[in-house]
Ligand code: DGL
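First, one chain by itself in structure tokens, the form predicted alone.
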Amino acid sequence: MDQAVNPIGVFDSGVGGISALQAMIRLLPREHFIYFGDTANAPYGTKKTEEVIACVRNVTDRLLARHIKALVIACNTATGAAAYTLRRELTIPVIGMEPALKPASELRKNGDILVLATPLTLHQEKFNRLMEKYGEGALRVPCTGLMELVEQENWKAAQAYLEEVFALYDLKRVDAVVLGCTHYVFLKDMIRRMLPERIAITEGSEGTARQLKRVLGRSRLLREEGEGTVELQTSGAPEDIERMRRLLDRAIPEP
């Protein structure tokens, strides 16, 4: 059987990974995607690493049962906690995400870089290594509770939250802001309006999509013809699927 026709599994702790999914759909329109939002166990960002790994294993088992040809961890926290383990255990490609600190560092002009992410992401060894390579001028900004506001689609409260966060910093000294959680990508337009135009905003959705295409190409797993499809699944309530559909329409990452 030609494995290239098999679906690609994508998952996140909730609906945040929809932003990355949209980028993958744009770049790989012929592929079949199964997106799993583990909303019953969200958020991952405040859990212990062992708890996150347990959640990831459960989701991965569900997706493997659908004969996926590749797995995308569309969550910075879950990537840091479980990507290494999954790559050792699975025979299919595993693509993860990381905060877009490298591109932010390339845009830096001797000012600060604000890295917005969950507390767990900011304290993981993977992120520490990223900071060692590209972290000059970078400041960790833990955003406890912001992911939940996106899950609730509470855009007014999210804006108030971000206004308080940015008020803590001298924006005249800031060169870039990193959206280090897939959920925050839904706030990108809002954040753009809140910041001076000269401040760059980086996030990892497009980079993850390009990496997925490269890996599938090397493995001869790209689907070359036909029309792609998207299937949405959740461990939570049925209304979570409708929320995912709304956010899929909202998430339009820039090329």
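As the structure is a computational prediction, the values presented were derived from the model and not from experiment. Note that residue numbering follows the sequence shown and begins at 1.
Missing here is the form predicted together with this ligand; even so, the following discussion is about that form.
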Here the chain appears without its partner; judged in the model of the complex, the stretch of 177-185, 81-89, 156-164, 128-136 with heavy atoms within 4.5 Å of this ligand is 177-185
Heavy atom within 4.5 Å of this ligand in the model of the complex: which of Ala104, Val72, Met147, Leu114 fits that? Just give me the one.
Met147
Please determine whether Pro43 contacts this ligand in the model of the complex, using a 4.5 Å cut-off between heavy atoms.
yes
From first to last in sequence, which residues of 99-130 have any non-hydrogen atom within 4.5 angstroms of this ligand in the model of the complex?
Thr118, Thr121
